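Look below for two forms of one protein chain, each set out as C-alpha cells: first structure 1, then structure 2.
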Structure 1
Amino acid sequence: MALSHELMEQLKAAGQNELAQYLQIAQESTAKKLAEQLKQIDFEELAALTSESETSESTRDYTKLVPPQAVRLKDQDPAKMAEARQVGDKLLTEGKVAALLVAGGQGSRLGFDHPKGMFPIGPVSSKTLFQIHFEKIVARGRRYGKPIPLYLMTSPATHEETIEFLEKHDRFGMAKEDLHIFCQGTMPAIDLQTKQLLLAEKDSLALSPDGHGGMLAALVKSGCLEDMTKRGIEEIYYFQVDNPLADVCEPELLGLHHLAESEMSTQVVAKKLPEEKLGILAQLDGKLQLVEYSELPAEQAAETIEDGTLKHWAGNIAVHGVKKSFLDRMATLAGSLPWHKAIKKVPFVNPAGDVVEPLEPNAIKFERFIFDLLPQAKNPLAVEVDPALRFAPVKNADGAQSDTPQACKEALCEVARRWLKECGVSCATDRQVEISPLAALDAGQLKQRLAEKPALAQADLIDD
C-alpha cells in the first residue's frame, strides 16, 4: 500500500529503510495504523539520536565534582526551620501550591501487572500507593482550608486503568475539579545494532513512555500548565508514585525553597555506602547537577572526607520543589531536557512476523529525566532529610536486595512507631502499625488528635 509520499521520504531521510520497505508490502490496515504512530515521531530528532554514540554522559570530568551546598540535617537551625514552616504554611493557606505526581512508568522491576500506584503497600490496611498519596493531599488541603490540586501524569500504558481505578474509589476523597490526569508521550525503541525502529506487533511500533522528564512537554500539551496559571499556582511539589514516605507538600521544604528564591529544590539523603543505588547531586562547573549511580566512577563514588563520610553523599530521592514560573520558562526552550539512552531487552516482531523474545539487551530506549532541569534553575537548593522518615521506594519485587515492598512496609511501620513514641504511646519495635494520613500527617498532629480524644489511640487513628 502506498503511504503518503511525505512520510516515506521522512522515513528514508531518517535512515529507517527497513520500515520503509516493510510498509511498501504491508497490508493497507497495517500500514494505516503504523502511519498514525509514525506521524507522532519527530524524524529529525530521531535521526540525530540514532547517529549518536550509545552513551551521551561520558564527557563529564568526574574528578571535578564538588559536593553541593545543602541544608544539612546536622546543621539545621530551629529558628530557620520554623520560619520556613511559616512560609510554607502561608503558601498552602493561600492556595498557591500544587502537587505533581508522576506515575507513568512501566514498573518492570516490580513485575506488577497494573499501574504501580495500584500496588497495595499499607502494612496493616493494604492501602494502595495511590490511596496513601491521595489521602495525604486531601488531608493537607483540609488542614489549610484550601484544597491542593493534583496533576497526575500517566502514560499510554497506565492511563485508562488509572482513571478507572481512581473513579471507582471516588478519587479517595479528592474533589473532581482538583484532580487533573494527563498522559505523557512515548518514544520508539530502536535496534541496538542496526538503529532501525522496532515493531511490537505487526502493525504497531515498540513504544515506551518518554521518561519522567516527559512531564514538561505533557504538562504543556495537556493544558495543565495553563490550568496552574489560572489557579494562581506558584510552587509545585513534585514526587514519584513509588515512595509512600514522601511527605506530600510538606511546608518546610516549600518554605526553604521559597525563601531561597530557588527555582528547583531537591530533597537528598546522606549516602552511607558508595554502592547504594542512588544518583548524587553535585556541583560541576558551577552548576548543580545529578550524576546517576551507574555513571559515577567507582573511585569517585568511594571518595571520603576527613570525618570518614562519603564526599559525594547527597543521594537524590526525587522529591522537588519547583517554581511554576521556572516550568513556564523551560517549556519555551526547545531541548531544555536532553534524551538519555537505556539499553534494554525489548521483545519485537521480525519482518517474517515472528515475535522475538531477546535473551540479551537488544534495543535502545529514549527517556527524559526531570533532574536535568536542575542545572538550568536559578538558586537550586538541596535539602537533606532523614531517609527513615522520607524514603522507601518500591522498585523491586520481594526477594531482591533492596527497595522491596517488604522493606517499604517495614519503613511505614517504623514511621508510625516513631510518631507514637513522640506522643508518649509505647509500641513494641516489632509491632505492625500504620497511621492513616486522614488521621494525622505528622507526629505533632497525632499528638493533638490524641489529646482531644485519647481513645482514638486504639480505634480509627491507628490500624494494627
Structure 2
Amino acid sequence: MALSHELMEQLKAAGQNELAQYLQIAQESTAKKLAEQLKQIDFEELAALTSESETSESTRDYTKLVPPQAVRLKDQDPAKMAEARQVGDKLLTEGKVAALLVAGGQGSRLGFDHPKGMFPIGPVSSKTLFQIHFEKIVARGRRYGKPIPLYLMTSPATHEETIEFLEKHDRFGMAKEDLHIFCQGTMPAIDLQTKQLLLAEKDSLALSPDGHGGMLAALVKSGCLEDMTKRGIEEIYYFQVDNPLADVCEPELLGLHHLAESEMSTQVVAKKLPEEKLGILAQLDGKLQLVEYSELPAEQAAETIEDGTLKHWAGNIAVHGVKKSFLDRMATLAGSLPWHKAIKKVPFVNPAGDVVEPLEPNAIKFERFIFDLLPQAKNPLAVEVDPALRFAPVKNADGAQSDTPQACKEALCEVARRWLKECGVSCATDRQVEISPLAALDAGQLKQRLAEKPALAQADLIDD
C-alpha cells in the first residue's frame, strides 16, 4: 500500500526501518489499520526514549535520602486537626472538591477476568469495589449538600465493560452528569535489543496503557480538566480502585492539604519492615519524591533511627490531594511527567506472521507515574494515616502472603466492629459485619443512625 510520504519519513527518522519496510509490502487493510495507530505516536518522543541508555532513577544517590516533612499520627494536634476538618467541610459544602478514581486495571492476578472495580469485596453484601467507592462519594455529597463529581480513568482493556457495568447498575446512585469516564492513553512496546516497534498482530502494534501518570494527558484530551474549571473545582481527591478503605474526599486530608497551601499532598502509612512492598516518600536535594520499593537498596531500606523504627518509614498508599491549578500548570509543561522503562515479556508477531512467545524479557514498555509530580509541587505534604482504617488493597488472590480479598474483607469488618464499639455496642472480635457508606461514613454518623434505629446494631449488614 502507498502510505503517506510524511508517515514513512517519520518512521525512518525515528529509526523504525523494519516497520517501514513491513508497511510497504503489507496488504492494504493491514497497512491502513497500522497507519491509524501510528498517527497517535509522537515519533520524536519515541526516538528520544529509544536512544536513552539509562533511566532517571539510576542517577539517584540513595544515601542522601532523608525522611519527609510529615503530619505524623503520634504528633497530631487535636486543635489543628479540628481546624483542618472545618476547612475540608467548607470546601465540600461549597462544591469545590472532585474525586479522581484510577480504575484501568484488570483483575488478572485475582483470577478475575474483568475490570478490577467489578470485583466483589463486601464481606457480607458482596458489593463490588466500584459500588463501595461510588456509595462513599454519593453519601459524602448528601452530607454536604453538594454533589461531588467523579472523574474515572479506565484503560482500553476496561473502558467499555466499565461503562456497561456502571450503567447497568445506574451508577450506584450517582447522577449521570456527575460521572465522567475517560480512557488513558497507550504507548507502543519496542524490542529490547533492536528498539524496533513490536506487533501484537499482523495489523496491530503491541500497545499497553501508559501508566497512572497518563491521567494528566488523558484529563486534558477528554475535556475533563476543562469540565473541572467550569464546575469551579479547586481540590481533587485522587485514589485507586483496589483500596476499599480509602475514605474518599475525607475533609481532614483536604483541610490539611489546603491549610499547608500544598499543591500535592500524599497519605502514607508507617512501614514496620523494610521488605514491605510499599514505595517510600523521602526528600532528596530538598524535593519530595517517591522511591519504589524495588529501587531502594536493601541497606537504606533497613536503616533505622534512635528509637529502632525505620528511617524511611513513609509508605505510599496512592491517595493524594491535588490542587486543580497545579494540574493546569503541569499540563502546559512538556515532559512534566517523565517516562519510566519496564523490561517485560511481550508476545509479538514477526515479519513472517508467526506469533512468538518469548521465554525471557524481550521488550521495553513505557509508563508514567502520578507521583512524579511531587518534586514539582509547591509545599508538598505527607500525612500519616492508620493502615487499619485506610489501607487494605486487593491485589493478589487468596493464598498469597498479603493484599488478598480475604485480608481486605477482614479489614472492612474490623473497621465496622471498631465503629460499633465506639458507639457503645458490644461486638465480638470475629463478628462478620459490614456498614454501607450510605448508612454511615464514620462512627459519629453511625451513632446517629443507631439512635434512630437501635435494631441496626445487631444486623450483619447495616445499610441505608
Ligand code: UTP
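Numbers follow structure 1, counted from its first residue as 1. So that the term is clear: the rigid core is the largest set of C-alpha atoms that superpose within 1.5 Å between two forms. Here the structure is a predicted model, which means the values were calculated and not measured.
Number of the structure representing the form predicted on its own: Pick structure 2 here.
Return yes or no for P120: a CA shift of at least 2 Å between structures 1 and 2, with the rigid core superposed? Shift of 2 Å or more: no.
Is I305 displaced by at least 2 Å at its C-alpha between structures 1 and 2 when the rigid core is overlaid? The answer is no; the displacement is under 2 Å.
Would the C-alpha of D170 be classed as shifted by 2 Å or more between structures 1 and 2 after rigid-core alignment? Comparing the forms between structures 1 and 2, which are aligned on their rigid core, D170 does not shift its C-alpha by 2 Å or more.
Between structures 1 and 2, C-alpha offset at E360 (rigid core aligned, Å): Residue shift at the C-alpha: 2.4 Å.
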